[in-house]
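Laid out below as structure tokens are two forms of one and the same protein chain, each shown alone and named structure 1 and structure 2.
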Structure 1
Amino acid sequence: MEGLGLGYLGAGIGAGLAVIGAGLGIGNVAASAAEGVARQPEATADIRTTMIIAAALIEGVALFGEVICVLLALK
């Protein structure tokens, strides 16, 4: 029972840490994208596509981490 408890603890902390990484990463990308759109509004489509590709990559890693935490939480 103690062992399962440590797993649950890890699942909770890991889920939080994964969101920190994804949040800071996507936030950084999108902040620069917003500044870029403000500087060159006619390049909006290109800037937004670049941002979405990067955000999707970050999202992919984050969801992988979250799935591991789900596996631990459902033990």
Structure 2
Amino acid sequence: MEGLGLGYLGAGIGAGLAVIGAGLGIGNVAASAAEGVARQPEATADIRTTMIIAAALIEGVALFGEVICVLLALK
């Protein structure tokens, strides 16, 4: 029974770290995009497109981490 509790603890910590990492990553992407638009307003469309693609990739990695943590919790 003790091993099961540690599995739940590990899954919870892993899920939390995945969410924190995704939040920090998207925050950095948004900050860089805002800085890029401020420096070069005519490139807004290109910067926005790149930012959306990067945010989607970051969210995909975070979702993968969450799925792994759920699988660990249900094992």
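Note that the rigid core is defined as the largest set of C-alphas that superpose within 1.5 Å between two forms. Residue numbering: structure 1 sequence, from 1. Values in this document were obtained by computation on a predicted structure and should not be read as measured data.
Q: I want to make sure I have the labels right. Is the form predicted alone structure 1, or is it structure 2?
A: Only structure 2 fits here, because that chain is the form predicted alone.
Q: Is T44 among the residues whose Cα moves by 2 Å or more between structure 1 and structure 2 after superposition of the rigid core?
A: Where the cores coincide, T44 still shows a C-alpha shift between structure 1 and structure 2 that is 2 Å or more.
Q: E35: how large is its C-alpha shift between structure 1 and structure 2, with the rigid core as the superposition reference, in Å?
A: The shift comes out to 2.4 Å.
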